[in-house]
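A lone chain, given as structure tokens: the form predicted alone.
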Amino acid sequence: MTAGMDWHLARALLEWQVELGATEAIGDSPIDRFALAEAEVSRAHAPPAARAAAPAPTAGPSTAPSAAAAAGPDPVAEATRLARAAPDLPALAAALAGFAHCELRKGARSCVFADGNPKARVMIIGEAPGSEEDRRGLPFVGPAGQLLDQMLAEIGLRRNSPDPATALYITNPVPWRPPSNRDPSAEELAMLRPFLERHIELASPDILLLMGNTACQTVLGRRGIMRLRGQWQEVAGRPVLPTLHPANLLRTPENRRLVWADLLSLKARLRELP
């Protein structure tokens, strides 16, 4: 495989060549097609006994790998297998840190798993680690995370509270910082979704708070945060509230009133739950 080419690109290139009609790989030495044609003609005019005994001419040993061999293991299937095998959150964190199929891990300093109280009633799902999160190995610890802490404290929730009723548990769909803080691709989100699903299952929060388009795309399969925010959804029998990511509020302070309304709705919903 060419240096710097991942298996996704290699598979796409191979499938493209197959669609164009490529049937064999280029060998180390040239093949005389005219000689092969002459041999085939001679074989066709040989007596039946000789044709049965003689092997059919070939173009030499095939070096073309099958599409499945070139593609390697299915990363989504592998992620699902590893996630389902994790009996608890520490085991899931270890499985995620050791997952070798996501290229994002090569450029990141830390695998950012989670922060807060895993027994909290509210689980926050954000987007992807930034530079400060990558440096410290914790989610939401940069300027956006500081603003988040301030706003949630106003409704009585803190990430390190020992009381599950007033605590928060925070994670991201992607544990590694994307290059240049770009948005995670749909392929990356799909590859890592089994880990997030198992994470939610093991933490078993009462409510999910989705912050930003990436969280909504991963959990709800939809984007358009300005349309989705403030509208309660349900996923696997669990109430889900989309809202704006705090990084949006740093860029557009006038949107803070929208998030404040969402947080008041969250506070009211928590009071309704047993």
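We number the residues from 1 along the sequence you see. The model shown is predicted, which means the values in this text are computed figures rather than measured ones.
Just so you know, the form predicted together with a small molecule exists too; it's not on screen, but the next bit is about it.
Residue-level contacts in the predicted complex: of 116, 130, 75, 194, one residue has a heavy atom within 4.5 Å of the small molecule, and it is 130.
Looking at residue 245, you'd find a heavy atom of it within 4.5 angstroms of the small molecule in the predicted complex. Contact annotation: residue 176 falls outside 4.5 Å of the small molecule in the predicted complex, judged by heavy atom distances. You can rule out all but one of 99-107, 150-158, 85-93, 133-141: in the predicted complex, only 133-141 has residues with a heavy atom within 4.5 Å of the small molecule.
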